[in-house]
Ligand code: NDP
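Take a look at this single chain in structure tokens; it is the form predicted alone.
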Amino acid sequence: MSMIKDIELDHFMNGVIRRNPGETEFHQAVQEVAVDIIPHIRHNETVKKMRILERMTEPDRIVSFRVIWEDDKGNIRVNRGYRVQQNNAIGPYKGGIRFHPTVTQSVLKFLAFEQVFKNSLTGLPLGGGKGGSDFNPKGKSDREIMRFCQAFMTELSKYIGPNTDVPAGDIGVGGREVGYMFGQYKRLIDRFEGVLTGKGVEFGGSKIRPEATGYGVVYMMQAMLKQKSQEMAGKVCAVSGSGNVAQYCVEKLLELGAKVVSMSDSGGTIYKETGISKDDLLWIMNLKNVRGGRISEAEAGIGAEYLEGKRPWQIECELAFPCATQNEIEADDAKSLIKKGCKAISEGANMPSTPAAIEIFREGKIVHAPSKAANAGGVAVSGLEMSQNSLRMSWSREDVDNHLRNIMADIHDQCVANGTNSNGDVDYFKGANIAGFEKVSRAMLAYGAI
């Protein structure tokens, strides 16, 4: 059986790599899914004949466009914009816009492919897509960012709409950028419609949208612990990152009585053995969100130890929350986490664990929720924002949070239902991949060969 599986998987991945040369991030995302889906569909002749998995790996379309803008010195600047519209079998394309110099077609294709499964798991009628630009907002003035966002939306507006493609924010794109883009879209089409999510609450945004991804990561861990008859209170937690997802992950962990001992950025990690307090978190939020500082400043600011050039995975912890970036947990990090006592992982960043790390966690019996399940809270509340826009209503913070809790609990239950092995252990990667695939697959089969 394993030899058959390896041959089929190798044949499938060779085709993906041949059609998408050099796109290593995309190859990794597809393999992470295919390793579970290929055995799952081995005896389903209809799905195999209709080549559903092959069709899901091929985007419906990829739009690439030039973005021309003028900086504060009057210089003309040129960037490249993208929108990957991966699959709309169960609803309009939905996924964030990322502004970062590392943005490439491969990165956006991996994110769009994963978004299809993530959106399927939420239970909301949302397809998957992703977009962005190699524009770097760091060091730019508000006026420069506004001009870039307006130029970007002038091109993107031709391909999106409330029933076609509904982008949101991502790395480098927060409430300010979404506001600039929404304003330009409204100017261009002369209509007020819910074409973007992550908007300000004053013009159609949803309460707790900024907090949703970080909160959802914790709700997923809470459900996994409950499955093991355990609670969050008192657990020692290592968190990576110090951006939006990490900040609200820490906020919710503290609210639930956990002890958070780390945060990080690209320069290194802070470690506080006594635990990061709520006041410490507020200080870090001000450092990152207002002052634009580096996490190293927390050594003096809150009395934390700064580990230059280090990731948090060398620290003793019971629970780990990677909330920084893709592939931040490598094989050696995985071994270190197990050695340091980690028992469970909930992924806040997109694809933060390498394939080698995932295999080590599986062998070590670590309870491990993949990002497509664990960080679905953001897109879930974006979907709720779309519903509020359609209804011309605004729900309370409590209502949205309750919806989010229920969605994350349902995602957990789908993973358990589809990923419980014969020995009773739950493989959350397998469960998330199969559950996400099945819903999209059924819709694609219903449409025929299109």
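The model shown is predicted, which means the values in this text are computed figures rather than measured ones. One-based numbering along the sequence shown.
If you look for the form predicted in complex with the ligand, you will not find it shown, but the lines that follow are about it.
Which residue, 112, 324, 153, 89, has a heavy atom that falls within 4.5 Å of the ligand in the predicted complex?
The residue from 112, 324, 153, 89 that makes the contact is 324.
Just to be sure I understand the contacts: of 122, 269, 244, 206, which is the one whose heavy atoms reach within 4.5 angstroms of the ligand in the predicted complex?
Exactly one residue meets the criterion: 244.
Is there a non-hydrogen atom of residue 312 within 4.5 angstroms of a non-hydrogen atom of the ligand in the predicted complex?
No, no contact at 4.5 Å.
Non-hydrogen atom contact residue 259 with the ligand in the predicted complex at 4.5 angstroms
No, no contact at 4.5 Å.
Does the ligand get within 4.5 angstroms of any non-hydrogen atom of residue 194 in the predicted complex?
Result no; residue 194 lies far from the ligand in the predicted complex.
The ligand contact at residue 265 in the predicted complex, heavy atom, 4.5 Å:
Contact with the ligand, yes.
Out of the stretches listed (244-252, 183-191, 312-320, 79-87), which one is close to the ligand in the predicted complex, meaning heavy atoms within 4.5 Å?
It is 244-252 that comes within 4.5 Å of the partner.
For the stretch 344-358, I need every residue with any heavy atom inside 4.5 Å of the ligand in the predicted complex, listed N to C.
Heavy-atom contacts to the ligand in the predicted complex: 348, 349, 350.
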